[in-house]
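Shown here is one chain on its own, the form predicted alone, set out as structure tokens.
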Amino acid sequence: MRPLIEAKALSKWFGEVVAINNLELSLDSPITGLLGPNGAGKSTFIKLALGLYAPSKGEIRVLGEAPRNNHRIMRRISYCPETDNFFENSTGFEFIYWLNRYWGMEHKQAVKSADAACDITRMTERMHDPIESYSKGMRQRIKIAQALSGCPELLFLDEPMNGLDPKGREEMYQLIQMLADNGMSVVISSHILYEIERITDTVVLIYRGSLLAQGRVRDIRDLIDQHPQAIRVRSPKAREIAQRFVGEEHISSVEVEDDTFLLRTHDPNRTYESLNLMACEPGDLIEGIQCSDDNLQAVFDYLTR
């Protein structure tokens, strides 16, 4: 099967500014997190995939075809941009309906499609209210509803969590997961790494326009052998238990603080095995175990040092 998106030696520059630099990439996961700091090249990559930009060098293929000026591909993909661009006194329904008409839908199809998209994003009750009365979360959902109204196979979401409160973010997580469960492929751009961990563990890390790493978060973390993995352990006898690890060849350092101790290890599997055996000993010696840096932010920090 062809990948959803494939880039070969892909570069894009604007004058002397290189936004994407010789990118080699293949995506085929139902949900992919496109991650990196602001200015890393994420939005430029998305616009290349949408056919809005032409590559300066190399090529990009989406659903097996070059997207630039390709109407067949345009009708199979969709995009929810980071920024808002509404007529504030129009309603959410009108916003979707008229974009459907501009896209070429007949009246009945445009109405039906707008109704269905509002239902999917749980905007039906507010779809006839003016957009200027919407919260940030509602504005994000109505943008996504517009992107869904054409029933795309592949959806690009550019920073969909921006400005959302905790409830809005939770609703967005659920919506994205539901879309993937229903067979849609989703690419999510974000500079806030921990957000994406809630949705998928398949990530692409971009830094300064280049591919930093790709794959599952833990697989990427396991490849960073030069950085010992940090494991935090909670114990009522923290100092006594920590002492058992001092001098072990797979332990690079032990730090004790009150009722916890921090182990840095080059062999996490062996360390976890030892901790599990201690947890089975009488006396409830181990109350909790947490990997302190088995997360996207730590992985990204390690890779860019």
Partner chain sequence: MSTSSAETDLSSSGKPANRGTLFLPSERPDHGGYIKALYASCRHALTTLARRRRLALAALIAFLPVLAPLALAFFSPSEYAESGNQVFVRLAEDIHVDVFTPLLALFFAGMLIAEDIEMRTMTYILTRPMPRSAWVLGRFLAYMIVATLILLVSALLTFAASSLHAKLSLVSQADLKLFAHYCGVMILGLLAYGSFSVFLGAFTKRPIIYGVILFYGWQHLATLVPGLVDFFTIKKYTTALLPLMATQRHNPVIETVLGNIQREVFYVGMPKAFAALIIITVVSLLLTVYATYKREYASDRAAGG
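Only the largest set of C-alpha atoms that superpose within 1.5 Å between the two forms is called the rigid core. Residue numbers count along the first chain shown, from 1. Fair warning: this is a prediction, and the values are worked out from it, not measured in the lab.
Form predicted together with its partner chain: not shown, discussed below.
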message: Please determine whether each residue of 101, 153 and 182 possesses a non-hydrogen atom within 4.5 angstroms of its partner chain in the predicted bound form.
response: yes
message: in the predicted bound form, is there a heavy atom of its partner chain that lies within 4.5 Å of any heavy atom of residue 189, even though the partner is absent here?
response: no
- request: Indicate whether its partner chain has at least one heavy atom within 4.5 Å of a heavy atom of residue 53 in the predicted bound form.
  value: yes
message: My question is simply whether residue 79 lines the interface with its partner chain in the predicted bound form - judged by any non-hydrogen atom within 4.5 Å.
response: yes
- prompt: Does at least one non-hydrogen atom of residue 117 fall within 4.5 angstroms of its partner chain in the predicted bound form?
  reply: yes
message: Looking at heavy atoms inside 4.5 Å, which stretch does its partner chain contact in the predicted bound form, given the options 230-238, 171-179, 157-165, 209-217?
response: 171-179
- prompt: Looking at its partner chain in the predicted bound form, which residues in 251-269 have at least one heavy atom within 4.5 Å of it?
  reply: none
- prompt: If you line up the core, does residue 202 shift 2 angstroms or more at its C-alpha between this form and the one not shown?
  reply: no
